[in-house]
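Taking the form predicted alone, here's one chain by itself in structure tokens.
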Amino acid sequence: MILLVENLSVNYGRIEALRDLSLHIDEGEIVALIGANGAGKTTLLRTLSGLVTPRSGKIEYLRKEITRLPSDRRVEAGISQVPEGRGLFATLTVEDNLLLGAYTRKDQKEIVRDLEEVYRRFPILKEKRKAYAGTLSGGQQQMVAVGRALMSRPKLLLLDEPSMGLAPVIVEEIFETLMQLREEGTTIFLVEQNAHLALDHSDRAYVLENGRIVQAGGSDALRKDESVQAAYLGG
């Protein structure tokens, strides 16, 4: 097991964003989290990344508790997030944005190799490496965001709404890359409002409503569940 979350609760003032949330992710899996806007999906990812401090509960990563571990230490340990909205530095070049993903690393030769690996995965980024990130299309920016996360050599990759606002052909390319990464041993936690997409590309899934996990199971089983169909699949 790579990640274990037990009874996690997060408050924003008096608002309870997550309530007694528990889940687990095994190594090598793609696990999806689906839910409506405002359900708490982004809050959960930000808490796993160390950007939000929980009120109570426990987070274990590779069987070590990291509930209070700073975010940069989590990156060093192998947890990397692709945030909703991409979070790029618009006035830096594509290459500078990618290299920021390796900010916790000191192995310069390996960093150069990993940069070339990102360019192999996303050839358009090599063409655009000297362009300012703010001048790229939405799909190219999402490729930079994924590439930046990969530059930290993550064992666990957290993705927040990777398909948002992208053309179908770009979404397909991004998700092909995710499937390749899983085949190469990266574990993926996918937060995605497009439930069809999430369930089609995951092994298991959790359904989050009002800060609570209300359903969990194999993605195929959830796709056939009448309540999931009615709420998320247009059934």
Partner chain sequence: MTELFAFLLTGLTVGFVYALVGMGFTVIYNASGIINFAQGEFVMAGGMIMVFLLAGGIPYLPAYLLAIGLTALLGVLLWKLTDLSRDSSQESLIILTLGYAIFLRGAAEVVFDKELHTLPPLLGEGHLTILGATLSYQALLVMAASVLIVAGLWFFFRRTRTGKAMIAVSLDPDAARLMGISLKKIWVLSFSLAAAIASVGGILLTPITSTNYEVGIMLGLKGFAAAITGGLSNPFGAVAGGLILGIMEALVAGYLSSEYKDAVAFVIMLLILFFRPGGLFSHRGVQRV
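These figures come from a predicted structure and were not determined experimentally. Numbering follows the first chain given and starts at 1.
Separately, the form predicted together with the partner chain exists; it is not shown, and the next lines address it.
Only one of 182, 201, 46, 204 has a non-hydrogen atom within 4.5 angstroms of the partner chain in the model of the complex; which is it?
-> Going through each option in turn, the one that passes is 46.
Which of 164, 90, 131, 112 has a heavy atom within 4.5 Å of the partner chain in the model of the complex?
-> Comparing distances to the partner chain in the model of the complex, the residue within 4.5 Å is 90.
Every residue in 72, 75 and 106 with a non-hydrogen atom within 4.5 Å of the partner chain in the model of the complex?
-> Yes, the whole candidate spot contacts the partner chain.
Just to confirm, residue 96 within 4.5 Å of the partner chain in the model of the complex by heavy atoms?
-> Contact with the partner chain, yes.
Quick one: does residue 50 come within 4.5 Å of the partner chain in the model of the complex, counting heavy atoms only?
-> Within the cut-off, so yes.
Touches the partner chain in the model of the complex: residue 154 (any heavy atom, 4.5 Å) | Taking the distances in the model of the complex, the answer for residue 154 is no, it never comes within 4.5 Å of the partner chain.
Classify residue 141 as contacting or not contacting the partner chain in the model of the complex by the rule of any non-hydrogen atom within 4.5 angstroms, answering yes or no.
-> No - in the model of the complex, heavy atoms of residue 141 and the partner chain never come within 4.5 Å of each other.
Counting only heavy atoms, which residues in 131 to 158 are within 4.5 Å of the partner chain in the model of the complex?
-> Result: 148 alone.
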